[in-house]
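For reference, the chain that follows is the form predicted alone, supplied as structure tokens.
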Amino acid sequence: MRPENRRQVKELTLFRAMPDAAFDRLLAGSFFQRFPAHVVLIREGDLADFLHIVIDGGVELFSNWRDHETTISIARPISTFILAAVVKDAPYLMSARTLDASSILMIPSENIRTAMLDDSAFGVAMVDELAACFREIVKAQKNLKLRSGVERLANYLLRLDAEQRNDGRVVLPFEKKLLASLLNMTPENLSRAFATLKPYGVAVSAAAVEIANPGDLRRFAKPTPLIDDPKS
């Protein structure tokens, strides 16, 4: 692993307080690998042998049931994913595949569990990380159960605008089929939802979305930090 990548990982809240010697022990037996797009990294039901950290690119977390597939979430740099399975030494509840060319650090799960026992500060950091993951799940469930598809799309666009240039010009980070799955919609419903938002100043052309009247869209979407703020 390159020194700059090591520094990036060390700056994660999960590892920030860990002494360098302990961090080096944690990384023993780790793999840093570059994957092309659309490579399946893990499959639901498999045991969690590694903690995965997205260094560059993006990873789709998804699940299958019979002939149905749905996107659960998207992991972007720099972040871990499916931490709970590593802590519990349990099977993955989701599969993961790269969205585009991605750099992934894989730390043996046993190293993580050993470090939790040996380093109380790291154990506290793990609890904090798991709590943050739990809160994200609750907010995602509230978003799905309390809002219509159009409202979910409107709030997604507002959040994306805030994450990008905050000027009303948004670029969708992935194809619309994947966005529809992430928002628990069909591609046809997503298309109709974009059309419904036209009176609120939303115009879409391929991956480019213009929000001409952010205030109107915000009044329609009614965002709340208890669902939409990733830091709350």
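Worth saying up front: this structure is predicted, and the values here are computed from it rather than measured. Just count from 1 along the sequence shown to find any residue number.
Omitted from view is the form predicted together with the DNA, to which the following refers.
The DNA is not drawn, but in the predicted complex it has no heavy atom within 4.5 Å of Asp56. The DNA in the predicted complex comes within 4.5 Å of no heavy atom belonging to Glu163. Contact annotation for Ser148: at least one heavy atom lies within 4.5 Å of the DNA in the predicted complex.
Although the partner is absent here, Glu44 is not a contact residue: none of its heavy atoms lies within 4.5 angstroms of the DNA in the predicted complex. This chain is drawn without the DNA; in the predicted complex, the residue among Ser30, Ser63, Gln33, Ser191 with a heavy atom within 4.5 Å of it is Ser191. Put simply, of Met185, Leu26, Val170, Leu197 only one has a heavy atom within 4.5 Å of the DNA in the predicted complex, and it is Met185. Residues of 100 to 125 include none with a non-hydrogen atom no more than 4.5 angstroms from the DNA in the predicted complex.
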